[in-house]
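Listed next as structure tokens is one chain, alone, in the form predicted on its own.
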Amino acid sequence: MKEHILELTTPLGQSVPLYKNTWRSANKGKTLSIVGGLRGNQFNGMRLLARLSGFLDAVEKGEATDYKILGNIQVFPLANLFAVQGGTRNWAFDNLDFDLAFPGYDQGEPTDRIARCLYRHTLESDFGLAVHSYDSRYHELAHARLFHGDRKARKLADGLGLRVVREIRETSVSELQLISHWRDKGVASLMLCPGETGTLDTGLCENLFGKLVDLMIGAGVLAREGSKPEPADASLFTPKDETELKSARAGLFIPDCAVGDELNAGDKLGEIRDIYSGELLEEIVAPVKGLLVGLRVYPLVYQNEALATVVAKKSRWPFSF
């Protein structure tokens, strides 16, 4: 069911509504909230949540007979309405990173009011999933993120079954994220990073759709007759397992690898060349054996900018919760 939860008016008098899609079981059950569209150029996330919403509509109508809704599921496909309408990363009017706008403010600017509405509608959830990619200059392998040491989120990530789960340290900046506020309120909080921004990868979206279905089954808000989700060949990486490579020189970065590559220490990742002469300024090599989970795709780099992220240790599920 499509529910209207907020109405904003533009200076020209146009109405801009905010919606959520909801599905409820006859019994109370647990609640899962999924928020996407935090930036206007995250097309994989938009497609993924549209696909998921269509599937849940079919389950509710009895058209997907192997499935049954057991709890309450609410999906917010397009959080940053104005950025989505403009096709930009952030809304041009305030250029605010919407991921850092929480918990919001009812009497504030439009972005503050939307953030507050989302916060209010998801605060009583048992599980929270934010579908959100990062810098468009940096291509990351599709993965899940959670705060370091959050055991409830680890269990939720186990149900998602992605190849890579990365724990992150909390900082003063991350305290403004929705998943941080969820965690502070006892919500099992997870971030799904669905690949590259600014492009649409339908094959990846279909794969992640299956992962989200498995997550909902693991969380107990959806049931499937017959087989259970297969155990995932997933790995948890803590902050100490990650190595970030930065540029020593400024110039044109030319990669020689792709995210998802398995690397050995000394493997070439790319090079930096002088933008005027083409002279080789720096060769970038893997310092450790591991998996390449992040790679810069924007070629112009200044000194000391992030070029790649390699995770070196593989700790298999299941973990102690």
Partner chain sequence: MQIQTLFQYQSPLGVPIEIKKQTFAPAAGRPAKRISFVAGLHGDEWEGLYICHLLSRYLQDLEETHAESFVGEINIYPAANPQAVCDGTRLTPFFSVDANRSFGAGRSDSLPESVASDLFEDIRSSSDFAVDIHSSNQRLLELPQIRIVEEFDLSLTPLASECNVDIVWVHPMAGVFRSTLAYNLNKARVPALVVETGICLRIHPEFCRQVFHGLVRLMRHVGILKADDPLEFQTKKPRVVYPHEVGSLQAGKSGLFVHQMKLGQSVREGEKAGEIIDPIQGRVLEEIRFPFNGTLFTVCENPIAYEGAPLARAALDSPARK
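Quantities reported herein were computed from a predicted structural model and do not represent experimental measurements. Numbering follows the first chain given and starts at 1.
The following text describes the form predicted together with the partner chain, which does not appear among the structures shown.
Contact check at 4.5 Å (heavy atoms) against the partner chain in the model of the complex: none of Leu70, Thr202 and Val310 pass. When the partner chain is considered in the model of the complex, Arg163 lies well away from it, no heavy atom lying within 4.5 Å. Though the partner is left out of this view, Ala306 does reach within 4.5 Å of the partner chain in the model of the complex, counting heavy atoms only. The partner chain is not shown here, but in the model of the complex it comes within 4.5 Å of a heavy atom of Ile275. In the model of the complex, no heavy atom of His139 sits within 4.5 Å of the partner chain. Stretch 166-174 is the answer when you ask which of 70-78, 125-133, 166-174, 147-155 has residues with heavy atoms within 4.5 Å of the partner chain in the model of the complex. Checked against the partner chain in the model of the complex, the residues Lys185, Arg120, Arg113, Arg224 give one hit for a heavy atom within 4.5 Å, which is Arg113. Although the partner chain is not shown here, in the model of the complex the stretch 1-34 places heavy atoms of Thr9, Thr10, Pro11, Leu12 within 4.5 Å of it, in sequence order.
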